[in-house]
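Taking the form predicted on its own, here's one chain by itself in structure tokens.
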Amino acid sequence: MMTAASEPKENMSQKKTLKTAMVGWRGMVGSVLMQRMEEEGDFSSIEADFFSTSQAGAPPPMGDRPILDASNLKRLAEYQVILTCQGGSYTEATYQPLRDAGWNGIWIDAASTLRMQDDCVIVLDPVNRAAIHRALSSGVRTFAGGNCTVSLLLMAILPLIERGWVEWVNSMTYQAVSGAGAQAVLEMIEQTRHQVRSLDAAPEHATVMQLAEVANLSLTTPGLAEVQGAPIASSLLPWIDSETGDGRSREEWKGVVESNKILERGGANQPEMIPMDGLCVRVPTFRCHSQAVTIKLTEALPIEQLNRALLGGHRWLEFVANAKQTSIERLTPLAVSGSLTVAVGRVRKLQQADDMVTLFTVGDQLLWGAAEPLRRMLRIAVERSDELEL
């Protein structure tokens, strides 16, 4: 298994140091990004200052320059790169005013706000590195990380897409609570504590089913589910994000539009879109998103051929043979948490047709699903800095 800290490092000593504003570095995604940048030595190739919407003037996480005000557009405009994990509201308030004022630096964003704009590239460089470089050469300066399940799905089935074997995809997701933010995690912990307290107070002679009922009823206590709207401890939530009006959640809508934008499909002079759909479900795990995927192949291929393609896919993809013990040991959130590994397994033909297969995949949504593509986009900007007018 490849841990997050084990990626081969590149020599960046000959590249120009980019003046970079780091915004939103204290949150869940931002803290993982900071950890990865320190592990990979990224701060040696940039001149980083840290910005905050609430802690201007406080000591920084590194260096000796105080934290700066993230709402100060004049100060932000002095930087060649702005990397933000602050969230959509900050992007809405900051991005366009900076552009309107003439700022032409590189904006790298974890939020979804800009992803589908024509002048924004969704970055997932193991999949679309060539597109990122073309965009930089053509003057594009806005880049956003993709939706977490989209990025993890593409990392998992990329070998099949590259070979032209995928006609359509249906993905049923099992998304960790941390995907909803730190407050959702804390809320689930409190719900679990409430259940345990309720069980401790139950009569000693209660049956197992009576104990389960006590635990579940305890979650009806007001104030336990304000973040996500309903309890998730010992449960799940079959809806993520807002409604789109056609029966889909926005999370499900992102699956098709973001995937195909990353793959450069569906636009002018591009191949047709790959139809992608499914249901997105929040489950009571802390970290890592899992997906059960159904794929309609373009032809009926032997399962051994599919396995070989996935086994030799890319250095972050771990193929898990379709057997009980290997699956329960290596194809779980606990097995991949904190690593760059995207595991894929349970690959088999479906009974419905010889050209339909199913598989299961799991990856750390705080890494490839969030922080890692941003870190790597910054690294690409540094690599190209000598030729970019910033």
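This one's a predicted model, so the numbers in the text were calculated from it and none came from an experiment. Each residue number is its position in the shown sequence, starting from 1.
Keep in mind the form predicted in complex with a small molecule is missing from the figure; the text below concerns it.
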*Pick from T341, S52, S45, Q365: which has a non-hydrogen atom within 4.5 Å of the small molecule in the model of the complex?*
Q365
_I need to confirm a contact call. Of Q175, Q195, Q80, T84, which residue comes within 4.5 Å of the small molecule in the model of the complex, counting heavy atoms only?_
Q175
*Looking at 147 to 155, 67 to 75, 100 to 108, 217 to 225, which lies within 4.5 angstroms of the small molecule in the model of the complex, counting heavy atoms?*
147 to 155
_If we define contact as a non-hydrogen atom of the residue within 4.5 angstroms of the partner, is E252 a contact of the small molecule in the model of the complex?_
no
_Check G179 for me: does it contact the small molecule in the model of the complex (non-hydrogen atoms, 4.5 angstroms)?_
yes
*Report yes if any heavy atom of I240 sits within 4.5 Å of a heavy atom of the small molecule in the model of the complex; otherwise report no.*
yes
